[in-house]
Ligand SMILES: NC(=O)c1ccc[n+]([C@@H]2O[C@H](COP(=O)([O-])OP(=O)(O)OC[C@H]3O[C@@H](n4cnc5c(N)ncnc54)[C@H](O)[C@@H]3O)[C@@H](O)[C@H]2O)c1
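Only one chain is given next, in structure tokens, and it is the form predicted on its own.
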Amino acid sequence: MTALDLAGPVAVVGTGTMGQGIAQVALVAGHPVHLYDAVPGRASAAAEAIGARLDRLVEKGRLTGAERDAARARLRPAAGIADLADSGLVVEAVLERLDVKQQLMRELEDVVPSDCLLATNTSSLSVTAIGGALREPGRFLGLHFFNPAPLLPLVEVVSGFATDVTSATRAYELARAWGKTPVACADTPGFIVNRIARPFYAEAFAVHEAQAADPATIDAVLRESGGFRMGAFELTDLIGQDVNESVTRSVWEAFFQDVRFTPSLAQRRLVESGRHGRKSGHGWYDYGDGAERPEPHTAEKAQAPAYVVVEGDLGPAAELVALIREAGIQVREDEEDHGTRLVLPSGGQLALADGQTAVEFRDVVYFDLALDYRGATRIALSHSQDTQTQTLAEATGLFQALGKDVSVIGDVPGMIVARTVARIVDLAHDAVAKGVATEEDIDTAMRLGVNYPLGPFEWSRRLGRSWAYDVLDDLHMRDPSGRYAPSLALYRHAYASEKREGTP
């Protein structure tokens, strides 16, 4: 098989939002594009909608009038499957049903030339299973675009069990020629993004279900401390609760109900109630006329402590020491190794979230992980009923003196950002160990596909080789369901680091 010429015809079957977006991408790249839909009239309507979007690109200066006119001339609604016979690539974006996609591929195989690539844009079905209906499954693969396809750069190039390496390579290079950023991955439930992103939603929902914090507070902490573009509740409202829950359920079932991917009961109830998010006017938040967005919990102003004592290495929170000094608060360092914590004038301790709970200690306040403690504008604190009021006040005042809003949440292990990041890092290591994708492609996919501030392996390198393992090991001790059990891959990663450092 040879590389697909940019002047060669491309066909798109299915003319919904994704189908139109993929067709526009191919069209702007220079291909003649066939549009086909089984419902009469839809292909022509889709061609008109794409033409209108091309007009808007001209208005914005992204296309010239001549380029638009040439693209329109290359766009051809098809009356039937037979009209796709000269295609070098066919991408289907039809109903997410295995039988429908298999039947379509069988029909296409009888029409298109032997060197035509056949691709699915499925996000939830097995590429291998769809391709299993073909006589020659070697030319079949997944091309998973992200919505809106003309704007988002990521394309997951998914090799099924029978996909030929040459077919995957051709598709990968074609996506790159279209100006996209392709990542290669094996056919696994959720591929890269939808597999590794599950904890971002699941842990936020779990904290909420534990009554530790409300959605607005959890979202604010994920954004303002974790550095994520949106919080889990507002993002799923945007995606659609029914859509997000369906993907979670699909991944969970495809992994034989693996507890690590268990759907949220709270989200299920939301879907059952018809509160699907922005599109229905109500999800986690109310989008009705005049509805006010709830504010995150923010602690009242407290007095900053006169000094803190630093004991041990604060690890991922080490930059706090410089920030405390810059705020004019005296920093005393204890040379003896008592652990990794800050000691406040009350005698209480301030420690980075590590998967333990405050109730296990006499007088401690935990603070959550931040992407960048200097840039973070909010920090979450947690405490137990045994924590002194003065200790909490001093911890609150300390972070406020550093210019941070403070959200006090319930005593949940791993808090919000720490447990979320630890689980994302774990699933990423597990995916690499199982041949799903490379570290580089996973980082690229998570940054471009869901706008994470760092890829999982970038997080892992920044936090230290054993950090995620230690957090999850602590969490697993407190919730032995298996949800937080560190993967063997993460264990090997942490243990290899210890061996290199001379641990017997």
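One-based numbering along the sequence shown. All values reported here derive from a predicted model rather than from experimental measurement.
Unshown form predicted together with this ligand; subsequent notes refer to it.
Note to self: Counting only non-hydrogen atoms and a 4.5 Å threshold, tell me whether H31, R74 and A85 all contact this ligand in the model of the complex.
What the structure shows: Answer is no for this spot.
Next item on the list: Classify V331 as contacting or not contacting this ligand in the model of the complex by the rule of any non-hydrogen atom within 4.5 angstroms, answering yes or no.
Entry: No, V331 stays farther than 4.5 Å from this ligand in the model of the complex.
Notebook entry, point to check: Looking at the partner-bound form in the model of the complex, is R139 within 4.5 Å of this ligand by any heavy atom?
Noted result: Close contact is absent here: in the model of the complex, R139 is far from this ligand, nothing within 4.5 Å, heavy atoms only.
Checklist line | 4.5 Å heavy atom contact, V39 and this ligand in the model of the complex | finding: It does: once this ligand is placed as it appears in the model of the complex, V39 has a heavy atom within 4.5 Å of it.
Margin query: If we define contact as a non-hydrogen atom of the residue within 4.5 angstroms of the partner, is A11 a contact of this ligand in the model of the complex?
Written below: A11: no contact with this ligand in the model of the complex.
Checklist line | Interface stretch in the model of the complex with this ligand - options 423-431, 117-125, 205-213, 382-390, non-hydrogen atom within 4.5 Å | finding: So the stretch in question is 117-125.
Notebook entry, point to check: Pick from A376, V94, L344, V417: which residue has any heavy atom within 4.5 angstroms of this ligand in the model of the complex?
Noted result: Of A376, V94, L344, V417, the residue with a heavy atom within 4.5 Å of this ligand in the model of the complex is V94.
Next item on the list: Could you check which residue among N147, T298, S273, Q257 gets a heavy atom within 4.5 Å of this ligand in the model of the complex?
Entry: It is N147.
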